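Here we start with a single chain on its own, the form predicted on its own, put down as C-alpha cells.
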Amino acid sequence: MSMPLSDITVLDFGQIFQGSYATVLMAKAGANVIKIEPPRGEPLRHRTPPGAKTTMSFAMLNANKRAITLNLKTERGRALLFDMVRRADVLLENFGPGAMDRLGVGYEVLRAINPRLIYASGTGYGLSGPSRDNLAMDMTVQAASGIMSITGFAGGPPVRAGVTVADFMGGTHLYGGILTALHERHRSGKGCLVEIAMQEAVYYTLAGSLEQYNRTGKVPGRTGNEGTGAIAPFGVYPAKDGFVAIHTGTEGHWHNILDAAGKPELKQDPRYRTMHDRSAHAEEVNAIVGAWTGSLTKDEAVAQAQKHRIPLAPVRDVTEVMRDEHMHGRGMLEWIDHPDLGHVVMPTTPLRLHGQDVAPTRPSPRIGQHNDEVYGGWLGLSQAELDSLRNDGVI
C-alpha cells in the first residue's frame, strides 16, 4: 500500500481527545504510532462504564495504534523512553505545561538525544504567558475563548457547544503543526518544538462575531439559530417529522425557495428584494419559509432542496449520521467487528490524498497489548528483561 506517513514513527502520549485525535490522523495515514500509557492506562480508559471493556470514543481515537505501558517515574522507564526517542520522528503529549520536564523527559532533554525529533505539545493556553498554568478542559476553554458568550438563545445563559470543539480544533491544529515541522525538517535536517494552545486554535471561529463588533461597535450577543448578520432566511425550520436548517447566501437561493414554495410572485415584493430587505422583515420571511418546510417531511424537504438548489439540510441525530449513505459510500464510515464493542460503525479519516491509500482499520488496543512487540521486537529486549520490567512496575 502507498501511505504518505508510512516512514514516520510517533511516540504518542496523547490523552483524552486533543492529542489522540492528532495521532489517529497520523496512524490512518500510515504512521507507526506507539501509544504510551502509564500502567493503569490513560484517563480516557477510566471513563469506561462498569462491566464494559472500552468506550466508543476511545475506540475511535486509538484505532491503528500499538499500545504499550511505561512508568516514567522510574529511572528504567525513562531510559526506555530515551531508547525509543533515538528511533522516533515525533513525540506528542498533551499534558499540562511542564509535566514532562518535571519527569526529566522534556523537550530540551529529548532533543539532545535526537536532534531530528519533532516534539509536539498540546495545551489549553500554551507553554508561555500569564494563563499557561490555568487548568484547561473543553468547556472552560470554550468559556475563556468567547465561544460560550455567543452560543445560546437571547435572554438565556451562555451555552457550551454540544460537541468538544476546543479539544478537536486543538488536535487538528496539532496535526497540522507536526506535518509542517516534518516538512521543515526535510529541508533543515533539524527537529523542533511544536505547540498548540486550544484557546488560540478556536480564535478564527469568532470571525463573524468579530466582524459584527468591528462594524457596529456592539458586543455580539446570543441569537440562537437566527445568526448574527444580515442573512435571511437563515435558521432552523419545522418539518413534519423534525427540523431542517437553511442558510441562504445569495439572492438566487431566496428565489429558489420561493419557486419551491409556490410563491414566485414574492420575488418582486420590495420587502424581500435584497438580503438586507429580508433581514429587516425576518419574522415575515421565516413565516413564509416555515410554512413551506412544515408541509414536508425532512426527506421531502431535502428532495425539494436538491431539485431547486437550496442550501438546506435535515437536522439529524447521531444514529442517523452514523448510517449516512454518503459517508459510507466515500469510505469515511465503515462497519467493523471490534473485539470489545462488537459490530459497530467507525470513522476512517477525513483526510483524502488522491492516489494514496488509507490504512485499513485496526481496532483500538488494550492496555499494554503490544509491550512484547515493541520492547522485545523493536527495542530488542530479551524475555528475561521484559519479565524484570513487569515485576518491577516499569511497564
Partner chain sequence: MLNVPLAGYTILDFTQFYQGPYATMMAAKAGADVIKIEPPGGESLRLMAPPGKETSMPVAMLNANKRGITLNLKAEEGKAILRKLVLKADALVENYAPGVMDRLGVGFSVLHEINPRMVYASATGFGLSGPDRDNLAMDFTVQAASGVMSTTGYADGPPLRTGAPYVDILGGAHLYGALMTGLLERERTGIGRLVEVAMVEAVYPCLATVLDQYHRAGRTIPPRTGNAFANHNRAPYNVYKAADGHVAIILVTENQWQNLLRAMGREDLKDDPRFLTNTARVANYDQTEAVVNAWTNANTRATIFAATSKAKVPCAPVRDIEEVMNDPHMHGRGTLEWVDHYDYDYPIVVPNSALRFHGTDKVPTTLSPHVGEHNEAVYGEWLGLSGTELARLKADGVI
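Positions refer to the first chain, counted from 1. The structure displayed is predicted, hence computed values, not measured ones.
What follows is about the form predicted in complex with its partner chain, which we do not show.
Enquirer: Using heavy atoms only and a 4.5 Å cut-off, determine which of 80, 182, 288, 260 is in contact with its partner chain in the predicted complex.
Expert: If I apply the 4.5 Å criterion carefully, the residue I get is 182.
Enquirer: Could you check which residue among 280, 103, 113, 127 gets a heavy atom within 4.5 Å of its partner chain in the predicted complex?
Expert: It is 127 that has a heavy atom within 4.5 Å of the partner.
Enquirer: 68-76, 85-93, 289-297, 156-164: which one contacts its partner chain in the predicted complex at 4.5 Å, heavy atom to heavy atom?
Expert: Checking each option against the 4.5 Å cut-off leaves 156-164.
Enquirer: Is the gap between residue 347 and its partner chain in the predicted complex 4.5 Å or less for some heavy atom pair?
Expert: So residue 347 counts as contacting its partner chain.
Enquirer: Determine whether any heavy atom of residue 4 comes within 4.5 Å of a heavy atom of its partner chain in the predicted complex, and answer yes or no.
Expert: Answer yes; at least one heavy atom of residue 4 falls within 4.5 Å of its partner chain in the predicted complex.
Enquirer: Find out whether any non-hydrogen atom of residue 367 is located within 4.5 angstroms of its partner chain in the predicted complex, and reply yes or no.
Expert: No, residue 367 stays farther than 4.5 Å from its partner chain in the predicted complex.
Enquirer: Using heavy atoms and a 4.5 Å limit, would one call residue 273 a contact residue for its partner chain in the predicted complex?
Expert: No, residue 273 is distant from the partner.
Enquirer: Who in 38-58 is close to its partner chain in the predicted complex, meaning a heavy atom within 4.5 Å?
Expert: Heavy-atom contacts within 4.5 Å come from 47, 48, 49, 55, 56, 57.
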